[in-house]
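What follows is a single chain, given as structure tokens, in the form predicted alone.
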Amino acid sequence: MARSSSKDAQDLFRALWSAYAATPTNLKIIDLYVMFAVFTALIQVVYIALVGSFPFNSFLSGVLSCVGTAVLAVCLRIQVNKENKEFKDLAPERAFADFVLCNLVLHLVIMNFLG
């Protein structure tokens, strides 16, 4: 039974990889950006676990900045995706402008939280 489940898992990963290969390049770039933001947040959490949480506001600001940026990038990906029919009337330039404006507001709030 273990062999069939590992073969099924391999088939699943192959199917996912072949489906992702057909994804447009601009969406892959956004995916890399999201992964980078999440990875940076994880590095900060590991650092605070190992070293300590003395400047706790700085830790919260850094993690919330990374997570907020990742969430906004996922929203951008949803709006820019051509296969998504819900945002078919929204121009990609408008979606990017919304992304930049929301990031600006997010980081102004985070800078204010730092003190």
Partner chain sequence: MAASDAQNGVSSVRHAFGNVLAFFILLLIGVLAFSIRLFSVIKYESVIHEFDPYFNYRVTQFLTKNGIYDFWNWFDDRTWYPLGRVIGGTVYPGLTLTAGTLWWILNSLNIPLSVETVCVFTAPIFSAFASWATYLLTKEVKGTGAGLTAAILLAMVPSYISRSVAGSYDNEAVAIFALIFTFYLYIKTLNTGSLFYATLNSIAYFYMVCSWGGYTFIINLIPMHALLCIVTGRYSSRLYIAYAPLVVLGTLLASLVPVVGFNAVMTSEHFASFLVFIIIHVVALVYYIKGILSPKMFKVAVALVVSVGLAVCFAMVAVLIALVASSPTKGWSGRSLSLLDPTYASKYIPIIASVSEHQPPTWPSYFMDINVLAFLVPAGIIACFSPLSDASSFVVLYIVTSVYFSGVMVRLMLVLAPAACILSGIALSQAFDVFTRSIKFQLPHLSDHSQVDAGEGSSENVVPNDSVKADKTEDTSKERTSKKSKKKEKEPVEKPLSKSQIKKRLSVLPLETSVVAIILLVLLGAFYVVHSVWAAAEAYSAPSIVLTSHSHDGLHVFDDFREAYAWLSHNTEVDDKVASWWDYGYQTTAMANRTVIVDNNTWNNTHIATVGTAMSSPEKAAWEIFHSLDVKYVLVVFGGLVGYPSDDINKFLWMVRIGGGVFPHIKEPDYLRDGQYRIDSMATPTMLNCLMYKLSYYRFVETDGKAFDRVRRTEIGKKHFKLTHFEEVFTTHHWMVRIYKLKPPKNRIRGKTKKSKSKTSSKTASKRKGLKRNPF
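Treat the numbers as computed from the prediction; the structure is a model and nothing was measured. Residue numbers count along the first chain shown, from 1.
As for the form predicted in complex with the partner chain, it is not shown, yet the points below apply to it.
- Taking 35, 60, 29, 45 one by one, only a single residue has any non-hydrogen atom within 4.5 Å of the partner chain in the predicted complex, and it is 60.
- Residue contact with the partner chain in the predicted complex: residue 72 places a heavy atom within 4.5 Å of it.
- Remark: residue 39 does not count among the residues lining the partner chain in the predicted complex, judged by a heavy atom distance of 4.5 Å or less.
- Although the partner is absent from this view, residue 91 stays clear of the partner chain in the predicted complex, with no non-hydrogen atom inside 4.5 angstroms.
- Residues of 83 to 111 that come within 4.5 Å of the partner chain in the predicted complex, judged by any heavy atom, are 84, 86, 87, 94, 98, 99, 101, 102, 105, 106, 109, 110 in sequence order.
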